[in-house]
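In the block that follows, a single chain appears as structure tokens, in the form predicted on its own.
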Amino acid sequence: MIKVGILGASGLTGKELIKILLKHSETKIVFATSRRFAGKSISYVFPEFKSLTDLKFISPSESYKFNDIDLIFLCLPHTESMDYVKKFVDKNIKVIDLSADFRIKNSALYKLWYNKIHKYKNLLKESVYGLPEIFKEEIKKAKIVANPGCYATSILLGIFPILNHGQVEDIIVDAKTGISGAGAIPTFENQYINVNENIIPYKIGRKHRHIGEIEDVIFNKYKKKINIIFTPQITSLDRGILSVIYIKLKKWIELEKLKKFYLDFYKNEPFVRIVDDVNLHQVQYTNFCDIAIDGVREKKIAIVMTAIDNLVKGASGQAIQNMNILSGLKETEGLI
């Protein structure tokens, strides 16, 4: 039995983690922290867990309770997570960090995108980017797994098979997500009156932080620089991300051959499905990423469409997938 803790467990990703872990046959939640709800039962904050757990949230200041675990999930704000990662690594506890603090290996790029100097460059070198379909062997041996961002997951899974063949010139991404992508704290982007029957583009072009993450991962994998143009949009959905990725090719690849690239690339991956058409209803509340492929031959543009649940494959489900790999369990445990 793997004993786990969750830091920052009262947000949307924490809630999703608790839901999955409660049905996971190989784990036990030892503690879950929340500054706001410390002392209150998890089922008080999330009534759907009533009769499923008697656990109460504790304060993160109760650090004496942090020792008796094998693995910690960190669901903390970006730039705040790194200090906790250091503390747990020093205790020889494996870490899955759902913030961005260890996703970007280049510390200068991290400062550029997050406006903070990274304190632990040595730990950056040790961390592994937690996209299981690409870095599974590295994840198996990791002490720190940097769980990918939701948009980054949807985009990277859509482009890696083509990047693997070295045919890419430019990439433009149009991605839409539900209001859960804007978090649980009330903002303009997640208030019903603003989002209902609406689409709101934001961080247009090259402003979204996940661009830094995506480009850094590509460079570390293939030693090539690819500039991404990316416009995310909030839509009146609860959950999900649908990304349409336009890939300018150096040389046209016939669609059947392109589809075979994807089928071969992901043939042993249980959570990637190559489909004829993407549809968010097919992936919501699951850890699947569905990918459909099309293109415009005369323009040498491949069009790759991906669909994921931003809270599951884009966050907590992928974190559990990483935990399974890291712990030598069946990769799909608790997720199917």
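All residue numbers are counted from 1 along the displayed sequence. Because the structure is a prediction, the values reported are computed rather than measured.
In what follows, reference is made to the form predicted in complex with a further copy of the same chain, a form of this protein that is not presented.
The chain is drawn here without a further copy of the same chain; in the model of the complex, the stretch among 100-108, 223-231, 67-75, 134-142 whose residues come within 4.5 Å of it by any heavy atom is 223-231. The three marked residues, 236, 279 and 288, each reach a further copy of the same chain in the model of the complex, with a heavy atom inside 4.5 Å. Within 4.5 Å of some heavy atom of a further copy of the same chain in the model of the complex lies at least one heavy atom of residue 246. At the 4.5 Å threshold, heavy atoms of residue 197 reach a further copy of the same chain in the model of the complex. Not displayed here, a further copy of the same chain is approached by residue 169 to within 4.5 Å at the level of heavy atoms in the model of the complex. Using a 4.5 Å cutoff between non-hydrogen atoms, residue 207 counts as a contact of a further copy of the same chain in the model of the complex. Between a further copy of the same chain and the residues 156, 253, 173, 85, the one pair within 4.5 Å by heavy atoms in the model of the complex involves 173. Listed residues 179, 95, 162, 217 were compared with a further copy of the same chain in the model of the complex; 179 is the one with a heavy atom within 4.5 Å. Contact residues in stretch 296-325 (any heavy atom within 4.5 Å of a further copy of the same chain, taken in the model of the complex) are 296, 298, 299, 301, 303, 305.
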